[in-house]
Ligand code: HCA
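This document opens with one chain alone, in structure tokens, the form predicted alone.
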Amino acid sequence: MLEILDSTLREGEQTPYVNFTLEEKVEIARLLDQVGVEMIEAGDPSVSPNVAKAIQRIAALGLKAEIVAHSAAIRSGIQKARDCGAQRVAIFYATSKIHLDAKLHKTQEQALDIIREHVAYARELGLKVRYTPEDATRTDFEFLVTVCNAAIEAGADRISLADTLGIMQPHLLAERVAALRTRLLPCKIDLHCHNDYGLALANAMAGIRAGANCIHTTVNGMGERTGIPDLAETIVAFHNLEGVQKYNLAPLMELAAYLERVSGFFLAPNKPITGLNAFTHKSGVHTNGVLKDPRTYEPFDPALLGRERKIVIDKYTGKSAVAARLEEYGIQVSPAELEVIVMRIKALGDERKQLFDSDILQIAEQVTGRELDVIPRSLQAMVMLEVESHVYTSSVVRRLRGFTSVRNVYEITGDFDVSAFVDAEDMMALNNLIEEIRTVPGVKRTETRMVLKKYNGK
């Protein structure tokens, strides 16, 4: 059964120009736990005192997820992982020839000794151990088997197959995982797939089918260079395509939005699952199909993620989409009128990069000769009032009904006690009206919400 380790707090923070505050890291960990990921890689405590403090805070939250700390094969780093309260340490040491020769200046025999020593040391400290042979996919396969079995013999119960440069293809990674599964001592196999060729999730899914156990992800696919598999894409792909329905999809959009806000790492509109355009339709053929049956051009219902589909109206638009948009506002037009409206929309779309509903409604008014009461021609607003606890709400309502610009007044529940629907000629008149309302005895505070569009009927 699939497992997910999310590394947003470690790999994700290695995204260029991204740094999380302590409180942001705690919130990210809480949201990840709501999703139900099995492991949260909270960081490498040797990076800085604040990273160590964050791991300590997260480890003390009592989350369901296992808290993992990252460390090079250095005793001081492993000791810090234990001191932070992590349940597991992920020890990494490179195994490819280029890393051993150019970076570490170690022989294969020396590397084996270092890995055995530090895995055993972590076990002595009472930590569970995952060993990562960095750059595993460029490592000589026989040496990879030897070094992984040495780590398992020293106490590691998980091996992370790291495609550090994202050079694998799905069929090749599947072959590598299947071969490792037959040659390794009993252990779980993690997959840490980088996305340099855009194949990270495809590689990881192939690896799981070949016998691996766990995929490493980050929220929004963050990480070094082009990152690693996106958490939402991974979960939804397995949920819909593989029938793995063990994770909670509800927090995924909130989590993606939160990461955008605190990281400044913004999503491309065409990003799968969480991107702005993931459920947006434009072509007349597509919109016609979706309006008849969404399954024609949507791989799954956006409501699964709490999202809604969007129909873009411009020069590519067909009659079905325009009629549907007008119907949203309770506007009925004849087939002949619709034909002319669509023609004018296409003409305007040739001149403009983007059309707005106000443009569509204006065209509909011109074609039908009817004034459409959808976008207010004067300023209209909802003024919400909180009333002092010692004052009767009804007395405030009586005063409000005496104002000429107040059309309707409602007593309501919630944070406010009264709502007044008001008309004003311009912004100055609205401002003056609000100031008058604030002078009504018993009004504690107000909040004004401008009306942009009105929808009539059902």
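So that there is no doubt, residue numbering starts at 1 and follows the sequence shown. A quick note: this is a predicted structure, and the numbers were derived from the prediction, not measured.
Only in words, not in the display: the form predicted together with the named molecule, which the text now covers.
Not displayed here, the named molecule is approached by Arg10 to within 4.5 Å at the level of heavy atoms in the predicted bound form. Using a 4.5 Å cutoff between non-hydrogen atoms, Glu233 does not count as a contact of the named molecule in the predicted bound form.
Using a 4.5 angstroms limit between non-hydrogen atoms, His194 touches the named molecule in the predicted bound form. Looking at Ser320, you'd find every heavy atom of it more than 4.5 angstroms from the named molecule in the predicted bound form. For the options Ala162, Ile115, Val383, Ala86, the one in contact with the named molecule in the predicted bound form, meaning a heavy atom within 4.5 Å, is Ala162. With the partner omitted here, the stretch from 321-329, 186-194, 250-258, 348-356 that lies within 4.5 Å of the named molecule by heavy atoms in the predicted bound form is 186-194. The candidate spot formed by Lys128, Glu153 and Arg158 lies out of contact with the named molecule in the predicted bound form, as no residue has a heavy atom within 4.5 Å of it. Residues in 276-304 all lack a heavy atom within 4.5 Å of the named molecule in the predicted bound form.
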